[in-house]
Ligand code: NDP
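For reference, the chain that follows is the form predicted on its own, supplied as structure tokens.
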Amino acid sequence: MTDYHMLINGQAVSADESFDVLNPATEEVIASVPKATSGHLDDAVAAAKAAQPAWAALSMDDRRAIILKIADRIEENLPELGALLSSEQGKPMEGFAGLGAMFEMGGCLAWIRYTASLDLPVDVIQDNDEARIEVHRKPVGVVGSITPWNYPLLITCWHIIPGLLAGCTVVAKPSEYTPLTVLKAMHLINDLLPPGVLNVVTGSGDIGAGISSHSGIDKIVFTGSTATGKRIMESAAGNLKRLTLELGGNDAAIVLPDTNIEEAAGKIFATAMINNGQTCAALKRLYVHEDIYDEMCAALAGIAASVSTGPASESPDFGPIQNKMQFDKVCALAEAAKADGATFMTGGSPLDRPGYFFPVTIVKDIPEESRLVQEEPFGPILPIIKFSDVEDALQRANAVSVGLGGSVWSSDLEKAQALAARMECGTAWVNNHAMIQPDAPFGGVKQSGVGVEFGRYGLVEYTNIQTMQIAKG
């Protein structure tokens, strides 16, 4: 097995203890990774803190040029990184609709290069005989990045690239389930950055908690569960860290009776099952009007019956659920739905083979109070709920404590947009779902998070405002 090391102050660093990383398709160990101590974290924060003033002193164009070289370096190693990602995360290289490991790799390049094009101009709000008043954006300092296991490298890029562009330095912690691709990529780009600008420590929740509470870290960027986000928010209070938290969702879609089922079914399926359903903004609750309910259920079940689930070596449409904890949750939610009397049109039980394989599952005739409707499954299972009154559907869509995304499907765009505007979510789609892009801000409301990512809106979250008043009289 390849040796993996942390990255601290530009150096490869090992540890006395290590932890194993599994391939979720085989449940076999594919690598051992250093288990960081609090001392390693202190060293990484100290390195980032020491490197930050000089990094911030570079012009934005100088930092931009380095970031573009980072994209080039990752592109040069794309096949190797994609294969490594597939082995630790489980997603096929291509997969359904080409949304597998190489799709994530392409997303990394798109986000890095677009983010590098952004700027932070000085905002002049007064310039007269009395005074000139300017609003400057200054880097917040040292950023702690904590990333999940569903899109390991892509979300790392979402976290670190705007921070680097803004003049921050970074201490990153990848998920203990999927640290390999991040470590490989960060070591590949290490020589492009001054020592200490980008550091990577590996470990479990105790290191994440250490980052959250560390007095030397000025901002936390976290993608993950609402429960963990709340703990981070509490820990960050010690030095009033700035926070960007992209937390759990349970996205609802409302399908109106004038929807063209033939056109919509494929998009609904793809946006519900993207990354095997392991996507924060995937469509997770589908409310369909009674006039087209049976037809829509049949169309989605037909697509589900046509796809394959298996290990990447078989070039399937979908791979395994990434880890046993999530696999067990999906299994439990499916069993709860069965107990509630729901009808399973496809799937419903794990595959009888090694690995965390659960087939694409379409569930209809399910009560609103079922756990599968009320809880985010984060897996390849979609409940379809019938409604007769659109106001009732909207109330049910908004009744949960989270609000990441939502969508409305209809042939009448004006009517759909008006309804989508009433959904309590950070992003509302019309005739689409889960589609994000690097220039459009993305974030949640209610308990789905704090702040936004992407584009200029996301970039400014890595900065503090300094108002400069220059008296002329």
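Residues carry their position along the shown sequence, with the first being 1. Quantities reported herein were computed from a predicted structural model and do not represent experimental measurements.
Beyond the structure shown, there is the form predicted in complex with the named molecule, which is absent from this document and is the topic of what follows.
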Any of the heavy atoms of residue 286 lying within 4.5 Å of the named molecule in the predicted complex?
no
How about residue 205: is it within 4.5 Å of the named molecule in the predicted complex, going by heavy atoms?
yes
Find out whether any non-hydrogen atom of residue 329 is located within 4.5 angstroms of the named molecule in the predicted complex, and reply yes or no.
yes
In the predicted complex, does residue 280 come within 4.5 Å of the named molecule, counting heavy atoms only?
yes
166, 252, 247, 217 - the one with a heavy atom within 4.5 Å of the named molecule in the predicted complex
247
From the list 122, 339, 325, 125, which entry has a heavy atom within 4.5 Å of the named molecule in the predicted complex?
325
Can you pick the stretch from 114-122, 309-317, 380-388, 206-214 whose heavy atoms fall within 4.5 Å of the named molecule in the predicted complex?
206-214
The named molecule in the predicted complex - contacting residues of 127-148, heavy atom within 4.5 Å
146, 148
